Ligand code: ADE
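In structure tokens, one chain follows: the form predicted on its own.
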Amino acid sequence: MSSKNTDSKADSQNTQETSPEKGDVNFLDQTLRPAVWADYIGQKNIKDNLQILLTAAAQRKHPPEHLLFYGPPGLGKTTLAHLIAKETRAQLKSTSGPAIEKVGDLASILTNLSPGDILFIDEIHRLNKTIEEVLYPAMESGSLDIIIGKGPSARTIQLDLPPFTLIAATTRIALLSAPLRSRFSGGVFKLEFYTNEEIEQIIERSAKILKVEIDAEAKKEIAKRSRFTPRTANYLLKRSRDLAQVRESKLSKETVMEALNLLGIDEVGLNATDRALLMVIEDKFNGGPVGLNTLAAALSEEQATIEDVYEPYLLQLGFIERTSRGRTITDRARKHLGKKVRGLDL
């Protein structure tokens, strides 16, 4: 195999190029992703800021400045990157922090960009620190410094890069170094959880794309169990649609409730693991406080999984509290679990 073919194969493993007009109906998640700004529901403040930024950049005939989106999974960070690419008619090349293992990987990606391209790096907090430092001059001055050789014979060459926009997404912004955060000159935007009304609008749009009829009560039932997250709402809608199709029934409230009960999703969106976490704190540790390390051992889960996957929604509901001594369960959670309330009846 020639070196040219080898390089092409390596590039395809690290980046995924997306044309503004590209879409594949075989992938439901891609099909349900909004293709125009009008279809992107919620996050109004971010959309307003981005539209001003993109309009101003277009008037100056410059690529948009670098952007960073952060927030819990499933809120639309990747979708925003795709919408920006469509708005600017730019090629979007996608990769992720863990996929860029060596400085050479990043150099290969950057040197293959065309003027005006958008590079999207998902989970950028997982970039190696050495690679991160190479990214600084690329973002600031459009240059790439590469060291060739080792020891006394080592030398540095500087490559000029075409004008490009870096859009990054992360679920853990605290793990990004301050120097990297400061180089996102276009802005750092936090995506917020959605309201039930916004989730209902998303479900209605997704149902039309999936060509299924869903009544108002069924939409409300999915929305209140969706954890304020569009990705979860679409997942619950698809599973409810599957049950309706198999049973040859309408997508009614009764069908939705049956599907969600089969999935173990209760009336506020908690799954079996969420409930197990609450029960462990309440029953094994007398309501807490219990340290994260001890809680992880009791649940046979990783500490990071508890912090990043389970706790955010439980905190959002007010079911647990983080204290200096550890996690505690609240009376609101006890009431939901059918346990005796120890304090005020919430």
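Residue numbers here begin at 1 and follow the sequence given. On a predicted model such as this, the values are computed, not experimentally measured, just so you know.
Separately, the form predicted together with adenine exists; it is not shown, and the next lines address it.
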Checklist entry - Three residues, 235, 238 and 256; all within 4.5 Å of adenine in the model of the complex via heavy atoms? => result no
Checklist outcome for this item: TL;DR on 202 to 210, 107 to 115, 166 to 174, 133 to 141: the one with heavy atoms within 4.5 Å of adenine in the model of the complex is 202 to 210
Item to check | Contact of residue 70 with adenine in the model of the complex (heavy atom, 4.5 Å) | outcome: no
Next on the checklist: Would you classify residue 39 as touching adenine in the model of the complex, given a 4.5 Å non-hydrogen atom cut-off?
Outcome noted: yes
Checklist entry - Is residue 291 close enough to adenine in the model of the complex to count, meaning some heavy atom within 4.5 Å? => result no
Next on the checklist: Even though the partner isn't displayed, in the model of the complex is residue 228 close enough to adenine, meaning a heavy atom within 4.5 Å?
Outcome noted: no
Checklist entry - Ok, 277, 320, 32, 50: which has a heavy atom sitting within 4.5 Å of adenine in the model of the complex? => result 32
